[in-house]
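Have a look below at one chain only, the form predicted alone, in C-alpha cells format.
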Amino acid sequence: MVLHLLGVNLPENKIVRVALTYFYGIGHKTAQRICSKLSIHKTCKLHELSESQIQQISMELSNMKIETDLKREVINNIMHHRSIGTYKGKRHAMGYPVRGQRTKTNARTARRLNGRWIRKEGFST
C-alpha cells in the first residue's frame, strides 16, 4: 500500500525516517530530527503509525518549506542572480559551474544541472 501525504506517495513498508526523505527538501538529518521531535522510534515503519502520529507528521511538514515552495524559491534565487547580473547569475545562464570548480574537465554535472532551470521554465538567456 501507499500512504499519500501532502502530495507525495510514501510506501508503507519503509521506515519512517527513510520515507520522509521522499519529500524534496528533507534529507536524512531533517527526517531524523522530525522523528525524534515526535518521539517516533528509529525502526518504526509507516504502516505501524497511528492516525494521530500521521497527523503530527503532516502538521510538522506543513510548517516547513518543502516540495514546490522550495523549488520555486531556488528558481527565484537563481533568476534574481541572473537579473542583477552577478557572476553566479552569468555562470548559471551559461551552464557553467557556479562555485569555482574547474571547467577544463569534470564540468558535466554543472552543464546538466545549471542549464536545466533555463530550459524547464522557458527563460531565455
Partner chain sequence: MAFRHFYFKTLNKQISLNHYIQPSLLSTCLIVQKRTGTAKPKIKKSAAKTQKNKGFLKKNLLKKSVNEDVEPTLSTSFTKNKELYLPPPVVVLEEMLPEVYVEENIGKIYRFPPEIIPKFEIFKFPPILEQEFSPLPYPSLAIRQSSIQLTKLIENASQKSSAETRIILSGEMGVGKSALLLQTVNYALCKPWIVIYIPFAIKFVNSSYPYIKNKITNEFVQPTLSAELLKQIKAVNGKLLQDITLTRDYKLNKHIIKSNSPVIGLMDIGIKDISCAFQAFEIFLDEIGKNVNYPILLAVDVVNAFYTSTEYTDVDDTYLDPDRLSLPRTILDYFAGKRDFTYGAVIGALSLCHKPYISKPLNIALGLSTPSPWKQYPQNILNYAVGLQRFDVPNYSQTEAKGVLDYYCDGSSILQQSRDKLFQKTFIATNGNPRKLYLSCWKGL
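Remember, it's a predicted structure, so these values are computed and weren't measured experimentally. Residue numbers count along the first chain shown, from 1.
The form predicted in complex with the partner chain is left out here; the points below concern that form.
- Out of the listed residues K37, H47, K65, R72, K37 is the one that sits within 4.5 Å of the partner chain in the predicted complex by at least one heavy atom.
- Residue T43 is the only one of N76, S83, S52, T43 with a heavy atom lying within 4.5 Å of the partner chain in the predicted complex.
- Put simply, K88 is far from the partner chain in the predicted complex: not one heavy atom of it is within 4.5 Å.
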